[in-house]
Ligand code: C2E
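Form predicted alone, single chain, as structure tokens, below.
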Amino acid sequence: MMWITWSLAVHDEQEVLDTVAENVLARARRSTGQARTVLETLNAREGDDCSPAHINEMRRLVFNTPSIEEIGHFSEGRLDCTSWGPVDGDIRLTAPDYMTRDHLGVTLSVRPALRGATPKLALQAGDYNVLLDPVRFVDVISTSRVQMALATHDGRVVAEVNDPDPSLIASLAANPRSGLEGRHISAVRSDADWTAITVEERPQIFKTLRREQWLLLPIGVFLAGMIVTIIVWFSRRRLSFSAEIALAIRNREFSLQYQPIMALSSGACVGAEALIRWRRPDGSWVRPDVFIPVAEQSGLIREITGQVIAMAAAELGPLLRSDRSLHLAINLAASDFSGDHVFKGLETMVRDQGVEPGQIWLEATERGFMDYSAAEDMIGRAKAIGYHIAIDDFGTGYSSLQHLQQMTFDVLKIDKSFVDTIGLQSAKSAVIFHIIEMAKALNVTTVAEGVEDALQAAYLSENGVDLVQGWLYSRPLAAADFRAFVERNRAEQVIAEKS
């Protein structure tokens, strides 16, 4: 029993280290890939070097690329400007320490032009280099016991976390190997450019086990069960979903897509709903209905909401400022109705981007309004500023009529489940008509969600629904695609008016 338990423990720890090493290598590849894309974009540009437009473009790329700290432009081997602005002094481009397989020059320690900044890793191609924080390469989920390092293909250490033994890391980088060795378990994963190393000391529980091994003879089965339970618990804790969400927030792995909202009477695009998306470093997507409930339970939803507001302001602020007929709908969770974080983010959008408060819709499901007393103050403040309040997915929660009577709101969004019943013989098919009639009686704007065919659109138009959104008009779009969609829609409206 002692031998089996020890073997299983080593095997489980090895699997964890292998997983973390793969994640470190994936993170390094992703950071290198982001840097490569930025360098290719800049080297392909046309225009005056170090002009205000050029510097603004470098700043935009730094802002939109999480792994990059700074971009520098060189002219005849001399640094003449960075994403911070023009550079005084004679700073020369040094020869790279080595070249990657796709011909990126890598310099392991470069001090940025900003005084007092810590050394960074530089990747260089053409007339540009980008500076990256080496810690980004090993910023993956693990417990503090797991020591991580990233080295070059020739054995030079680039970054490390949790203070691994330098001599051990150097040995593993020079002679890659995995497994139990002395007082450590290690895992090594390599590709053409990078070597990821993870190390962990023998778990303390097994040291205690060896000191008291004579107890295993009469109670071996009991201790074996306990050990397996503890190993599983630690493994789940190490790779917990909430910890992964927290890391995604810190690394800004979330993005936005925008679902166009159309006016039924004119066919004009009048706004969009911001929809959050999460793509993991390994390229896999996580659905919002999977991670949003976990974020709410773990108290992380406020930070996600803050990032959503900031991203929406940066991506659509200029468009909303140039076209006052457009609005942006932002979804809020129940916990967003307490505190000032939402108002602070919106105040920044209004002040910095020049967006009118009336162009912002704050959406919450009926569940978000369940504690009406907690939401009442925020609703009052929001409406006093000029923001619009919308009830999302109406009809799917509880006490709907009571909510309609209690709260003051501007928009009622009809859930897709009711829209799907149009034209069908269903118990729900008559409900949508009554929802529309209630909205008319309350004199609020109605928005039908999930409209997918012309029959549904015709029914909604005949019954006086104001706005619609759904795949009949467009799938959710990235910011650039949504701006192009609005331009095409405006052109079509002009042609229609002339004809």
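The model shown is predicted, which means the values in this text are computed figures rather than measured ones. The first residue of the shown sequence is 1; numbering continues from there.
Below, we refer to the form predicted together with the named molecule, which is not included among the displayed structures.
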property	result
Stretch in contact, per heavy atom within 4.5 angstroms of the named molecule in the predicted bound form, of 451-459, 433-441, 32-40, 65-73	451-459
Residue among I301, V342, V140, M262 with a heavy atom within 4.5 Å of the named molecule in the predicted bound form	I301
Sole residue of L132, L326, I292, I231 within 4.5 Å of the named molecule in the predicted bound form, by heavy atom	I292
Distance check, E201 to the named molecule in the predicted bound form, heavy atom within 4.5 Å	no
Partner contact for D393 in the predicted bound form: the named molecule, 4.5 angstroms, heavy atom	yes
Partner contact for T82 in the predicted bound form: the named molecule, 4.5 angstroms, heavy atom	no
is_contact(R277, the named molecule) in the predicted bound form, heavy atom dist at most 4.5 Å	yes
Within 4.5 Å of the named molecule in the predicted bound form, all of P288, E363 and P476 (non-hydrogen atom)	yes
Residues from 321-337 in contact with the named molecule (non-hydrogen atom within 4.5 Å) in the predicted bound form	N331, L332, A333
